[in-house]
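The chain below stands alone and is given in structure tokens; this is the form predicted on its own.
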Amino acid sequence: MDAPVEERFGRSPYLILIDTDTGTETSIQNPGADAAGGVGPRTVQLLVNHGVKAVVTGQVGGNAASALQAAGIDAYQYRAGGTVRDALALYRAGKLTRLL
């Protein structure tokens, strides 16, 4: 929770999955983070496999945006340069801009 937020959605080396109902946290490695291309849609598929309903990130590329929309996953923007904990607090407070 104290790790800095990677603002590039598909290039994030780890994804922090948070159940906002229970507060449980799970960190998963993003195996496609260093791939040459197609990282956004692969990252979306990883999120779909884990039942994610919303993401908080700095920016989303066009292919990732299309994949997120097709999957029904909401996206919110966080570009303050803080930690995962900071981003989660703003998300919970409803203070993030909705991207999708």
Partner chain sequence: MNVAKIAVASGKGGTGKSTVAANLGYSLAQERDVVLVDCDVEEPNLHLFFQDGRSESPVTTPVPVIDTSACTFCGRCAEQCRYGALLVLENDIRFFRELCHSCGGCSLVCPTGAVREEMEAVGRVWESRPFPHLRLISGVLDVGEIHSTRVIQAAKQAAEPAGLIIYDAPPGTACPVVETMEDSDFCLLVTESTPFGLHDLELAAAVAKKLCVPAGVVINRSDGDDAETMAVCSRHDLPVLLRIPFDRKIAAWQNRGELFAVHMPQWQGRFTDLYTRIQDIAGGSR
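Residue numbers count along the first chain shown, from 1. Everything numeric in this text was worked out from a predicted model, so none of it was measured.
We do not show the form predicted together with the partner chain, though everything after this point is about it.
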In the predicted bound form, residue 54 touching the partner chain (heavy atom, 4.5 Å): no
Is residue 59 one of the residues lying within 4.5 Å of the partner chain in the predicted bound form, judged by heavy atom distances? no
Within 4.5 Å, heavy atoms only: does residue 75 come near the partner chain in the predicted bound form? no
Looking at the partner-bound form in the predicted bound form, is residue 31 within 4.5 Å of the partner chain by any heavy atom? no
Within 4.5 Å of the partner chain in the predicted bound form, all of 37, 44 and 70 (non-hydrogen atom): yes
Between 3-33 and the partner chain in the predicted bound form, list the residues on our side with a heavy atom within 4.5 Å. none
